[in-house]
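As structure tokens, the next two blocks hold two forms of the same chain, structure 1 and structure 2.
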Structure 1
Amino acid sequence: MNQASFPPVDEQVALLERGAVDLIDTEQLREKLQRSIKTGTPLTVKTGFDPSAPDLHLGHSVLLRKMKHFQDLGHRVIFLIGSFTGMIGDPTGKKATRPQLDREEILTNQKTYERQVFKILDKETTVIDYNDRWLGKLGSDGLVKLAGRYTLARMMERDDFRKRFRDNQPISIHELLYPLLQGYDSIALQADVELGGTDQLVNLLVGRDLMKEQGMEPQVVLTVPLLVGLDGVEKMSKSTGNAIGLEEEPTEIFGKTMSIPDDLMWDWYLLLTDTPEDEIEEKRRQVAAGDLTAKAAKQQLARRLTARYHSDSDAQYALEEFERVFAQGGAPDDTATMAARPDEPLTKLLVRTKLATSNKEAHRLVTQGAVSIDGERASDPFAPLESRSAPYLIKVGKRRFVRLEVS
């Protein structure tokens, strides 16, 4: 790679700082970038992902997109799968010890990651590596030596460990090893830069400390925000049900994006799209002034995200389907039609058609006004549907439908 492969340092830093929170430190990054230009050698940029769940979602894409920024600038990015650390589980931000995954779960999840990551990263230039390749060889001697390079007092400076200790919540010994093992990953890969979410800052700094003790040039640390999920409150997570998976259908990506609170879309524009920041601010100004509706601005966001993970034609179809279903009161083309008896209570119908997981949830959905029949809000959880020739259209929440033929 020759010198011309790298843009000027100022141009690189401007792109890398977009949406970033912590950069430790900026001057060191500039020095590394300048050296890469001078020598024609790309930086090694590492980001670790523990395969603790079977799918990647838009929350993960914030980090992946930052990796892509480095990649677009000509640097070497390593998508590091925590095939060893995943069996421990990152304790960051946890109020209790994570359940430990077995080897089979790790292998199943990492295969999914290996496929989905290329929805964002370039397949030809991305390096995929696995930390059991070196951590599995540490052995008991190596692990003891590694543990001897950090003190318990420094580890207990972490907010999550300190709070759990104060609240008499157990902290397992293996959890204390996690930041050290993550730091050792940086030594093994000779990382110039490590990326992570803001909740990972302490772990990333451990890597800097260990590299210094090893006599290596410490890695630069860059963190990005944790993406707030569909509910507008909690960080995006499959476990909380507020996520959009990278492989979800176009209509799901579009419809779920349209469901986010209006104020949240500006962060999504910044973190999930390449929309220039001045264009984002102009849209925000137009919405505040009433020159652009929040719905229209959000539709533009939904189209961009849908097209990014599918195609322009898929995005257009998803827009039309959204308008037909939600703006005009229709139902999706693929809405299932099922049979029902006229004496069957509404709660049991909801459970049987999988619009609710239990009678208790079905009762709650009806009483909270989340269930409609032919566009009219249902009020009686136990009311049966009368026989008729035309099917009923049952809607639960904003996105779940079924047609019921009662005879």
Structure 2
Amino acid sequence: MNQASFPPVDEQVALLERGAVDLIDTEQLREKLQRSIKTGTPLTVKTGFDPSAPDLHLGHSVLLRKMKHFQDLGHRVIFLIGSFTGMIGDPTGKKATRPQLDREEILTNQKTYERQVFKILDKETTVIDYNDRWLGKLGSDGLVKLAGRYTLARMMERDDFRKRFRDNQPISIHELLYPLLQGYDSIALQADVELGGTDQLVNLLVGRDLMKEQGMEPQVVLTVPLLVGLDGVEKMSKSTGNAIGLEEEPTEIFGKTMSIPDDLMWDWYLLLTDTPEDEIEEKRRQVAAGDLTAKAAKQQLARRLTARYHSDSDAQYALEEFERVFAQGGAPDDTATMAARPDEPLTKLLVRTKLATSNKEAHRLVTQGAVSIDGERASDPFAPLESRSAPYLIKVGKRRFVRLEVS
């Protein structure tokens, strides 16, 4: 087997530290990298994924991209699906106990996961593993033994547990076991590095402790920030509705990126693109100085992200479409065409074509001047459209369009 060769330590550390929140600790990482170069052995990098969230979004991609960095440097990246721990439910950051998943749900989710994950990770070299492989075998004796290595007091150092305890919120015993099992994963995989979101820090550190107890060299812990979502406030999550899914359409990825607050784009540049940091700084300076418009800077970002998950031409198209629709008020290419009769009042038309959800809303929209027909603002909610050969272009608000053929 050929010995792998790796870039110099400094170069590796620089890439790995980019965008990271915690690195515990840097010295140890350097040692591990040094040794890896000397022996030609890649580091084993572990990242755990909860199998309950199969719809990945850009927030998840921050972590996946960090994994990719390790991959690009030639290290061995393990994508660990918490098939066993998923049945328990990670208590991190939760005010209430999570629902437990059953085996079948987890299996379905795993497939969806793989399809999305390889949009970022290298399919050839990624090792996918499942922690029920060893946790299933652990048995109750093994589990009790494992639990014997940690104390309640140390567990209660965690903020989320402490708060729930103080507020008389229930904490199930199995939730206390979760960090221990996650730490045991690191032992089983002999991880050199474990990656996670910054909210995972405490869990990751438990892994370090357990490894030390086991007489192993503890893993290095590296965390990445939680990406702030479209609203510019909350962390990105599907349930908050401020997410961009990895599988969304080009125009959606583009448009949604354009809707983030201007200030947020620098974070996104750092965490979601490979743009060199000094280049990002330069852009930021230019925008501050007025040499570059925030819109242009954001469009570059949107283009890059769209191209990343689709193609260059898709991204270019999304950009042109955005300009056409929002800057010039035109209609997008894929505007649906529907048919209508000449005696149908406007409000009914809007409801039937799904441009409004109720007659009441349709009426309201017309009254507020949100509806235009062929570019002319409509004022009469009840006026029908006259029959003619060319279709009408109906626009509601800024981004809802329908072509209507009236005959």
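Since this is a predicted model, take the numbers as computed values, not measurements. When a residue number appears, read it as a position in the sequence of structure 1, where counting begins at 1. The term rigid core refers to the most C-alpha atoms you can superpose between the two forms while keeping them within 1.5 Å.
Undergrad: Given the two isolated forms of this chain, which one is the form predicted in complex with the RNA?
TA: Of the two, structure 2 is the form predicted in complex with the RNA.
Undergrad: Given a core-based superposition, decide whether the C-alpha of S61 shifts by 2 Å or more between structures 1 and 2.
TA: Comparing the forms between structures 1 and 2, which are aligned on their rigid core, S61 does not shift its C-alpha by 2 Å or more.
Undergrad: Please state whether I394 has a C-alpha shift of 2 Å or more between structures 1 and 2, with the rigid core used for the fit.
TA: Yes, I394 moves 2 Å or more.
Undergrad: Given a core-based superposition, decide whether the C-alpha of A383 shifts by 2 Å or more between structures 1 and 2.
TA: Where the cores coincide, A383 still shows a C-alpha shift between structures 1 and 2 that is 2 Å or more.
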